[in-house]
Ligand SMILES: NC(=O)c1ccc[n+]([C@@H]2O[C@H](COP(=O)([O-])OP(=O)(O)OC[C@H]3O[C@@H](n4cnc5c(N)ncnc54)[C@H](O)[C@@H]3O)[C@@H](O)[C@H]2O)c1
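One chain comes next, on its own, written out as structure tokens in the form predicted on its own.
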Amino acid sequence: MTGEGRVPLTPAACRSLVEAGHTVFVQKSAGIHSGYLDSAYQQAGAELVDDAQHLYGLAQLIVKVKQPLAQDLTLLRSDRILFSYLHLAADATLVQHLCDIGLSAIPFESVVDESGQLPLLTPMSQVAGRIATIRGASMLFRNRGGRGVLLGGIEGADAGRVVILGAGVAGSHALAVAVALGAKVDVLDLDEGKLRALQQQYPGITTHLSTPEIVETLCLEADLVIGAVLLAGRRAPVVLKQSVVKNMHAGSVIVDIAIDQGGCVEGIRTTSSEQLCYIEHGVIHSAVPNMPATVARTSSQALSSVILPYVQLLAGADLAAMAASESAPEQALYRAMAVHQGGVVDEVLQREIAF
């Protein structure tokens, strides 16, 4: 993917797999943009291969950061397990390709632990939330096309207004940065418990139960709107309508973290690390699907640490045995499977894409 620099497993993680008796193949230069040289992987006992074609031909378990692109799909085989971020609810075409190949696909973002949390999605949501506020703050600079607002304000000048749609992991981390900058912050969600917890943690913010009316009222006055709405395994609901965006302040900014799941802003288009944003109706829109790649080293370290235990399980067991396993992590992996042997096996995904 454009701008991608993350690697799913660090050399230390690969060493753990090798010491457990597994053979680990790493594509040459895979870790370069995260600061991990090929020599570090070799010292960890991994075998370097020249390109994806060779790697996909050798490895039974394919561990990636993001979903396979067109060039990957031609290389995948039916006897492979694919383990990566996939965001399938927003991409029925990719679902069909994976079914046609006949492999087994387990999305990172669908793994649910015993407490009902999403352990493999959480670190990237944390990173994306923090980047969203930093990026939005910089896009408000006049030389970037913004309103010329400093989010924190100074003595004699108003603080910028930030509206955060969603009080989950990404939203709460976007909030942490906005508060640290000194912005005036409104947070909206449908979960009173989440809002109450954030209000206690950050007494200076304002929280609201989300309704179309309150979204419109707040966004029309906002300098920065951050979309951080997540419904696990489903397309993101549209929360901010085009009719509202058209009447927002010229030079205001929208950063939609939910773009991986289709976006929570009506009509928003995907942007990239090369083209961070576009202007429509006078409003700056940014919706980069691999936002955490901006800080590839931090993201790679965080991702590797949470996926390693699951990779170890997948490398050492067969999927059929997982179905009957009493191990909670193995059950979590089996329940997270989205595609298997040519069919969609995730019931939520079946409903989302009408398979």
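What you are looking at is a predicted structure, and each value in this text was computed from that prediction instead of being measured. Each residue number is its position in the shown sequence, starting from 1.
Keep in mind that the form predicted together with the ligand is missing from the display, and what follows is about it.
Chemist: Are any of the heavy atoms in residue 178 no more than 4.5 Å from a heavy atom of the ligand in the model of the complex?
Modeler: Residue 178 lies outside the contact set for the ligand.
Chemist: Taking 4.5 angstroms as the cut-off for heavy atoms, does residue 190 touch the ligand in the model of the complex?
Modeler: Taking the distances in the model of the complex, the answer for residue 190 is yes, it comes within 4.5 Å of the ligand.
Chemist: At the 4.5 Å heavy atom threshold, is residue 291 in contact with the ligand in the model of the complex?
Modeler: So residue 291 counts as contacting the ligand.
Chemist: Although the partner isn't part of this model, could you tell me whether residue 260 comes within 4.5 Å of the ligand in the model of the complex, counting any heavy atom of the residue?
Modeler: Answer yes; at least one heavy atom of residue 260 falls within 4.5 Å of the ligand in the model of the complex.
Chemist: Can you confirm whether 87, 170 and 239, the three residues that make up this candidate site, all sit within 4.5 Å of the ligand in the model of the complex, judged by heavy atoms?
Modeler: Spot residues vs the ligand: full contact, yes.
Chemist: Going by heavy atoms within 4.5 Å, which of 142-150, 67-75, 119-127, 244-252 lines up against the ligand in the model of the complex?
Modeler: It is the stretch 119-127.
Chemist: Give me the residue from 231, 214, 92, 220 that has a heavy atom within 4.5 Å of the ligand in the model of the complex.
Modeler: Looking at the other structure, the residue within range turns out to be 231.
Chemist: So the ligand isn't shown here. In the model of the complex, which residue out of 210, 104, 271, 207 has a non-hydrogen atom within 4.5 Å of it?
Modeler: Going through each option in turn, the one that passes is 210.
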